[in-house]
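Here you get one chain, nothing else, as structure tokens; it is the form predicted alone.
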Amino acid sequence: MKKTALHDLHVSLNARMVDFGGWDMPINYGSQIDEHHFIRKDAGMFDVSHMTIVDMKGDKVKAFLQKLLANDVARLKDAGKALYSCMLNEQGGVIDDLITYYINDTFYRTVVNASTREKDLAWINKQAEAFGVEITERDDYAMIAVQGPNARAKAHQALGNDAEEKLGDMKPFFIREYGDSYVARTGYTGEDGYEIMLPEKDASALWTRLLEADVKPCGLGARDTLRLEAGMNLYGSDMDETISPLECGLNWTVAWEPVERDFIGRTAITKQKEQGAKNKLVGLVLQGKGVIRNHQKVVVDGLADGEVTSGSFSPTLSQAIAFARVPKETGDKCKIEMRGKQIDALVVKPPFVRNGKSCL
């Protein structure tokens, strides 16, 4: 398995390591529930160096990305602004969901999922040929996500004496250069914080300074329950190449205007939009005891069955929650088939938690 620049530190902290998309990554350092609460109440950090940073440069890079992505990078007017988008195939299925940062008119940076790295890079390079865009995988970078209500203040403490001055006024969903690093005010937890991209050689030192600033190390297990509570999709579970943005709650990421922008997959999802998607992604809250698991059957009276795409126990709410793909006519109630029994569940609109508080 591949190892990040922080691997030895994880082992020294007695992390439980697992295979995650071919990477040897920490799932937790002890109590996954405690790690979840660290993020919601204070500050925690994740090694997300398994994610792939891709730099795109060239005179036609904007036109290239307008073709490649369902969202429109022309919306990015200010240097450093970020955009969340799906990258679609010709059939309108999601190849990956990603964040793209506008550095300047000839330079954009995007971060793609670890599990889709090879196919993403192959697709991006294939589409870039016609535009003469230079595609560079930044495998010389590590990435640390620092998340939680106190995350930014503690990250400033660890980054340097001038970090508050240089980063303190950065707005959410922006990125800013800081020394040899890039600091983005983004994340995958529903909390404030940073995703810090830095040279691999500097990663261990920053991780250690964050520990000294009382930022708790957290594993990918807590990251998954946090993103689910925050209503954030997981590629490979909630969507894939057979699912369009209209069927996984990501229609808001599609820029339909201007109508003349011909992004890849537009024809297919336009047809689906006109005909009406058969399914929708919803949130579920279990009304009885148990934990909702991926792929459990969702029973809706009088309609076809649905399926749980992401299910877990919510540490913040102390009850089981899930995403499920169900028929578009589904109302506010359903049943989940669990161990031969059908348990009542409420159908809700995600997120389940915002700013550490219940949205139910």
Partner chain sequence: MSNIPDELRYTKSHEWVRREEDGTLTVGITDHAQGLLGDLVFVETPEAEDTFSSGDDCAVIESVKAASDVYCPVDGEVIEGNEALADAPETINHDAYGDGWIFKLKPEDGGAFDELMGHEEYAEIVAEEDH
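If you're wondering where the values come from, they're calculated on a predicted model, not measured in any experiment. Residue numbers count along the first chain shown, from 1.
A second form of this protein, the form predicted together with the partner chain, is not displayed here; the remarks below concern that form.
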Can you tell me if residue 349 lies within 4.5 angstroms of the partner chain in the predicted complex, counting non-hydrogen atoms only?
no
Examine residue 33 and determine whether its closest non-hydrogen atom to the partner chain in the predicted complex is within 4.5 angstroms.
yes
Are any of the heavy atoms in residue 63 no more than 4.5 Å from a heavy atom of the partner chain in the predicted complex?
no
Find out whether any non-hydrogen atom of residue 328 is located within 4.5 angstroms of the partner chain in the predicted complex, and reply yes or no.
no
Is it true that 156, 208 and 217, all three, sit within 4.5 Å of the partner chain in the predicted complex, judged by heavy atoms?
no
Taking 4.5 Å between heavy atoms as the contact cutoff, choose which of 100, 181, 279, 225 touches the partner chain in the predicted complex.
225
Could you tell me which one of 309, 312, 52, 316 places a heavy atom within 4.5 Å of the partner chain in the predicted complex?
312
Can you pick the stretch from 289-297, 52-60, 329-337, 65-73 whose heavy atoms fall within 4.5 Å of the partner chain in the predicted complex?
289-297
